[in-house]
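Okay, here we've got a single chain as structure tokens, the form predicted on its own, with questions on binding and movement later.
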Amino acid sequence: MSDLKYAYYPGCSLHASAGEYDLSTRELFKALNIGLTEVPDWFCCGATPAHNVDELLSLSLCAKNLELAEQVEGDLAVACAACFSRLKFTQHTLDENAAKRKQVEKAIDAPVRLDGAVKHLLEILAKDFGLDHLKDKITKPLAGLKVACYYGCLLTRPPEVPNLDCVEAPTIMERVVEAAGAETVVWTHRMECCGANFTLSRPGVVIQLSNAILDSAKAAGADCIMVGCPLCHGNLDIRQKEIEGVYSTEYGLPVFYITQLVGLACGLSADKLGLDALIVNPMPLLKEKQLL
């Protein structure tokens, strides 16, 4: 039995377009006996747009959510890479700048607490729970599945903020999914930008950038891509058919969340992992690999 307990900040995407990420996170952590308690009254962290519009607003949104998280026992667990980035950036900025911290405390009418740890799910699985312990929980190894681990822009950068893994050559995603029995591929675009929230305002940019990522993963022999960010997932999964049409090619690469693949290896059923919500149907691949 695990005695790990966390406050859980799902963020906006996981309660909307990325509901399968929220579902698979809760089901996986339940299967691993890791406690998750949702932060009461949490609200949007500002994600990618707020800091481009108003710095004080951006910092205050995150600071207030950090304050709310103090009501729940344990470190703060975050699934979305964008939320993780903004919460960590706020802690870093306010720790370094006393004047900004004073402004934020006035805005939220509360003292800012910066000593609470903010952890992405990857860090919890790889470090807190531990890879050896995770291996012991695997009942259905992902044998024969070749995975392209996609970090994107925010999980390890900027260098001084996330402290998740090596900034230029991270391996935490590979180590987690390899503990689940999968094989990972070496590829060129695992840390390149997919266009993130330009998906609505500059779709042409997103199509170009995401095509390069899909092309690199396919060329490396990947069967699928694994992500830890709803924005990245949307661009690579939802837009994949559109990208194939623009570039007259066919990728057919299912895009999984970390928790979906690890959950599958832990014996969780497809419906508990939200696999039916993926746009690129993963079922043919999983049946071919005898993983369903």
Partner chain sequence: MIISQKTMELDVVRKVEALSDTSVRRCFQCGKCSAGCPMATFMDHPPNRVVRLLQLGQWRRILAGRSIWYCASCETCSTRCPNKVHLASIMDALRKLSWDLDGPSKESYVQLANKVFLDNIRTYGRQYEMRLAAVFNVKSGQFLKDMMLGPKLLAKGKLKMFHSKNRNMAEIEKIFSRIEEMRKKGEAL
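Computed from a prediction, not measured in an experiment: that's the story for all the values here. Numbering follows the first chain given and starts at 1.
This next part talks about the form predicted in complex with its partner chain, which is not shown.
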query	finding
Output flag, Cys153, Arg157 and Leu209 jointly within 4.5 Å of its partner chain in the model of the complex, heavy atom basis	yes
Touches its partner chain in the model of the complex: Phe89 (any heavy atom, 4.5 Å)	yes
In the model of the complex, Leu66 touching its partner chain (heavy atom, 4.5 Å)	no
Exercise: Glu55 in contact with its partner chain in the model of the complex, heavy atom 4.5 Å	yes
In the model of the complex, Arg26 touching its partner chain (heavy atom, 4.5 Å)	no
Candidate from Ala117, Ala219, Val205, Leu131 lying within 4.5 Å of its partner chain in the model of the complex - any heavy atom	Val205
Contact segment among 76-84, 211-219, 177-185, 97-105, judged by heavy atoms lying within 4.5 Å of its partner chain in the model of the complex	97-105
Residues of stretch 40-77 in contact with its partner chain in the model of the complex (4.5 Å, non-hydrogen atom)	Pro40, Asp41, Trp42, Phe43, Cys44, Gly46, Ala47, Thr48, Pro49, Ala50, His51, Asn52, Val53, Asp54, Glu55, Leu56, Leu57, Ser60, Leu61, Lys64, Leu68
